[in-house]
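Next up is one chain by itself, shown in structure tokens, the form predicted on its own.
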Amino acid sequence: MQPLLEMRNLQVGFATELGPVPVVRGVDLQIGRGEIVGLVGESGSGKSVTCMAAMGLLDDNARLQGEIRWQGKRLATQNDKAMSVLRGSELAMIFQDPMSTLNPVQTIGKQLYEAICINHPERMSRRKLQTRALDLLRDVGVPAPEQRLKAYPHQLSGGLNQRVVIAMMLAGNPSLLIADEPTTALDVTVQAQIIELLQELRSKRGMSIILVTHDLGVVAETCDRVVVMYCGEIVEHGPVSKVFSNPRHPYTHGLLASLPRIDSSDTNLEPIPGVVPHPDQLSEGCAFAPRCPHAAACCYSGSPMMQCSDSEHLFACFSPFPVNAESRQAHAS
């Protein structure tokens, strides 16, 4: 089946006074219809830039190479006029801080009406516009929607504001929703509610979702596939169950090992040493080699190619972790 969104050798750099700085380096990614894909990695891994490139929202100093295809057709992502036709009606994106998305001096209703009118050029009566706005608020679980239309963003909680933002993004019935850390600014209870809402939207609307997050627990509960990025490259990807039960790349293994476990009394965590290098400080070879406990001489002289753990689970590493016994047994059966 043809993927909904496809990236082929996507490369994004930014022009600076000191020269071009590469941020995304050869990303190949496909998003199928109706699936939720988790995009994970430390800050500076290129997750958000990859998503912004797909939306055509990069700054003017961005330099993009490779291809981004939507339903098989190549997108002119640096042509704002062409992309504005797709934004909202086909592609939509929500960000981690709803207060930076909403206008603080306009009511929720006015902002919702504007989102509806942008995505529905045909003239709508005031009554139909209000009915549509109320339906959208109900769809995302906003209580007492009639009152919320008259409220300002500062009068609502962070969780309600995020629901309002999601409602605005749904105004055009998009096929793909990119959620860039949508729960970061929210408390734990509200985080769970927003994640549950995204799952419901996938179930009811058949919508595909790219979920950018640092929370691997959310990925485990929510996503069908996980894509692990490091220094602008995909280092491992596959079904969540396979990648999390048997991570092959040392970076993925390090991310999972650094998480606290509720089923163990051992309180010592295993953090990944060092930090993500700045994009203009990358040297030849594997970008993770300076932080990798298994790095060999070949890791500093060449970049590993993507290889298969099985037909669905892929990773790029010269010294991968071995396939564990459980994975061998599952693969054999």
Partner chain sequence: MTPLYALQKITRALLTVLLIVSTVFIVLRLSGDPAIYVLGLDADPQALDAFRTRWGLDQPIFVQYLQFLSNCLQGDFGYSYFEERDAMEAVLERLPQTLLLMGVTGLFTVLIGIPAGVYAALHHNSWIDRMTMLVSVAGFSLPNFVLGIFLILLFSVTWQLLPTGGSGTWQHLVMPVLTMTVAEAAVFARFTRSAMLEVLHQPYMRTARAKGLRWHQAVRRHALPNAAIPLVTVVGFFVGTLIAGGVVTESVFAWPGLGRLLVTSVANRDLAVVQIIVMLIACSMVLTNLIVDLLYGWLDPRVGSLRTGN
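No experiment lies behind these values; they were computed from the predicted model shown. Numbering follows the first chain given and starts at 1.
A second form of this protein, the form predicted together with the partner chain, is not displayed here; the remarks below concern that form.
Novice: Determine which one of 199-207, 97-105, 233-241, 129-137 lies within 4.5 Å of the partner chain in the predicted complex, judging by heavy atom distances; exactly one does.
Specialist: That would be 97-105.
Novice: Quick one: Gly56, Asn119 and Arg148 and the partner chain in the predicted complex, is every residue within 4.5 Å by at least one heavy atom?
Specialist: So, yes: the whole triplet contacts the partner chain.
Novice: According to a 4.5 angstroms non-hydrogen atom cut-off, is Cys51 in contact with the partner chain in the predicted complex?
Specialist: The answer is no: Cys51 has no heavy atom within 4.5 Å of the partner chain.
Novice: Given that the partner chain is not shown alongside this chain, does Gln71 nevertheless sit within 4.5 Å of it in the predicted complex, heavy atom to heavy atom?
Specialist: Contact check for Gln71: no, nothing within 4.5 Å of the partner chain in the predicted complex.
Novice: Do Leu156 and the partner chain share at least one heavy atom pair within 4.5 Å in the predicted complex?
Specialist: Yes.
Novice: Verify the contact flag for Ser175: yes if a non-hydrogen atom of it lies within 4.5 Å of a non-hydrogen atom of the partner chain in the predicted complex, no if not.
Specialist: The answer is no: Ser175 has no heavy atom within 4.5 Å of the partner chain.
Novice: If you check Leu75, Leu255, Met93, Val212 against the partner chain in the predicted complex, which one has a heavy atom within 4.5 Å?
Specialist: Exactly one listed residue reaches within 4.5 Å, namely Met93.
Novice: With the partner chain left out of view, choose which of Val219, Ala179, Val228, Met169 has a non-hydrogen atom within 4.5 angstroms of it in the predicted complex.
Specialist: Going through each option in turn, the one that passes is Met169.
Novice: Are there residues in 199-220 with a heavy atom within 4.5 Å of the partner chain in the predicted complex, and which are they, in order?
Specialist: Stretch hits: zero.
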